[in-house]
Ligand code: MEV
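Quick heads-up: it's one chain on its own, the form predicted alone, in structure tokens.
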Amino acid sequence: MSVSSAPGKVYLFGEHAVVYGEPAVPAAIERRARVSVESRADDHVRVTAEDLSLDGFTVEYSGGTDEHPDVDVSPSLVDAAMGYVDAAVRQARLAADAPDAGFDITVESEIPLGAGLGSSAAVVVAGIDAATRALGEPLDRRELADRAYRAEFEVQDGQASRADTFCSTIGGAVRVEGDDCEPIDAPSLPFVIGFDGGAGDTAELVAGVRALREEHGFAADTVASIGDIVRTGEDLLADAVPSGEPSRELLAELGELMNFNHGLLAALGVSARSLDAMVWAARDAGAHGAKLTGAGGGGCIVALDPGEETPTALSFTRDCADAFRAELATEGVRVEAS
């Protein structure tokens, strides 16, 4: 059996704008998806999913997830979870030149589905890594990240960016601009995550921004302004001590940029009342900055605060279902067992 794990992520800056060639800076966090894979003698794939914001389920199929049987879980949730697993299986088979390979797969995740923390990317990255290792054909990290991106691109109907899968594969903070992806140095930022218990519809939100951008010149300018925020943030990070404790001045400057970024995302229509409530609760508690992370519409916010005030304030916020600290994950995908 081969077992791999990969981290989730938050966006410091740049979600949505990255779709239009602007840069983005996501950072991996120590919330992981763990995928166990064992080869089978036939071409079937058996998937047991646990902790995927679902009650858990087991599905066995051959040829595609459209063949899966009824299970005691919402079909839309099964399809959302299984689509990424199925795409990861296809990429692993292609990479290993083993079109008829069968697998027993178990997926466990600490990352809520659709909440903006990169759950699908983590599952895809860990899944491809574990499956290719089970077939004796492990991939280098660049190819793994590329194949994981192709899997997300397929499932998301061409709306995916390379940011999530590259960040989950490499770990730490990364810079993504179009097809150009590189790790960057970053200090140990004090992330606090607030989760409203829900999830946005990524495809719908991306389509909404696209429609605004095509209809209004000022919406296109807003997207470009997010790119400017990312570049300013990069300059700040470049002057910081890698993996060291960030200064209060740096946190204040990064936080201000995060606040601007959230405002621009809200102007593009991708925030939500629950996200805004958590952002303001974090700021009122003294966080240096706070913003939504991911596609928006519901899910998570990320704040910068080394103290206990922000997680405490979020835990008492009506719209917050969970609040927790998240360390920067300096290690991306890793082998847990082989």
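Remember, it's a predicted structure, so these values are computed and weren't measured experimentally. From 1 onward, residues are counted along the sequence shown.
Beyond what is shown, the protein has a form predicted together with this ligand; the following relates to that form.
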{"item": "Among the candidates 206, 266, 105, 96, the residue which, in the model of the complex, approaches this ligand to within 4.5 Å (heavy atoms)", "value": "206"}
{"item": "313, 37, 295, 287 - the one with a heavy atom within 4.5 Å of this ligand in the model of the complex", "value": "295"}
{"item": "Segment assignment from 224-232, 178-186, 88-96, 160-168: heavy atom within 4.5 Å of this ligand in the model of the complex", "value": "160-168"}
{"item": "4.5 Å heavy atom contact, residue 259 to this ligand in the model of the complex", "value": "no"}
{"item": "Residue contact check: residue 18 to this ligand in the model of the complex, 4.5 Å heavy atom", "value": "yes"}
{"item": "Residue contact check: residue 11 to this ligand in the model of the complex, 4.5 Å heavy atom", "value": "yes"}
